[in-house]
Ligand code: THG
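Only one chain comes next, encoded as structure tokens, the form predicted alone.
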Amino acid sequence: MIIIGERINGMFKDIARAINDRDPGPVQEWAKKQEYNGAHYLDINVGPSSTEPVEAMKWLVEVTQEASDLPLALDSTKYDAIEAGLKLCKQPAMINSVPAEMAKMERVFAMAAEYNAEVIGLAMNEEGIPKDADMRVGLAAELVATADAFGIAPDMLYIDPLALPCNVAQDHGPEVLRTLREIKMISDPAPKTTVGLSNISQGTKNRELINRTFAVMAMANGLDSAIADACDDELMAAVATARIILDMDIYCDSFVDVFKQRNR
């Protein structure tokens, strides 16, 4: 299970202030904390309020890399900002994200091919997020086929079936889990899978419990990665435990610590 740390995001007030003031302190603190707690990638997003997303992304990439050697997931709907960030990444990055819309896929997959970047593909198109698994899997197949046309192997692609908040779209939950299973049959090698974990609990009480439970259920259905709170110790422990039960890691009495320390 690959953990993509979610916390360097301009939607959080401290990061928004840091970007506005060009204060590297909060950004680098969260980079170090997430790396220490077991994150494999750091997602960085300038947020919706940035008036200069290209310059903000360049600054975020630079200051984050000063504090951590983890690879970055560049998160933005502004593809010029992502490309500016890719040029500064010290190691191959991840592009977050692209929907199954041809113009956007062509733009993103061309960048991915040029910079040897992985890509998160969203199981949605101009019509929005489909409800049922069959349509989600169909959109995933479009993403895989288009990526292949740009020379990007399926295992460089992470399909996000798009979990919605369980308090307003409860019937989507089983469809997301079925999508995760069926995505693995699209191609050989199969694309990887990911979710924005906190989306499932948006607007609910007991958010942490919902996130942890969904993470384990999704892993049992083929989830490979999640954009998540890497500093939630109980979430990381649940993921580490699920890896043991699913025979992904060899059991030892300190398996939680081993999972967290793998990238240190």
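When you see a residue number, it is the position in the sequence shown, counting from 1. Since the model is a prediction, treat every value here as computed from it, not as a measurement.
Missing here is the form predicted together with this ligand; even so, the following discussion is about that form.
Novice: I'd like to check something about residue 120: if you look in the model of the complex, is any of its heavy atoms closer than or equal to 4.5 Å to a heavy atom of this ligand?
Specialist: So residue 120 counts as contacting this ligand.
Novice: Using 4.5 Å between non-hydrogen atoms, is residue 255 touching this ligand in the model of the complex?
Specialist: Residue 255: no, not in contact with this ligand in the model of the complex.
Novice: With the partner left out here, check for me: in the model of the complex, does some heavy atom of residue 26 sit within 4.5 Å of this ligand?
Specialist: Judged by the heavy-atom cut-off of 4.5 Å, residue 26 is well away from this ligand in the model of the complex.
Novice: Is residue 160 near this ligand? Define near as a heavy atom within 4.5 Å, in the model of the complex.
Specialist: Although this ligand is absent here, residue 160 would touch it in the model of the complex, with heavy atoms inside 4.5 Å.
Novice: Considering this ligand in the model of the complex, find the one stretch among 29-37, 199-207, 54-62, 216-224 with heavy atoms no farther than 4.5 Å from it.
Specialist: Of the options given, it is 199-207.
Novice: May I ask you to list the residues of 94-111 that have any heavy atom within 4.5 angstroms of this ligand in the model of the complex, in sequence order?
Specialist: 96, 97 sit within 4.5 Å of the partner.
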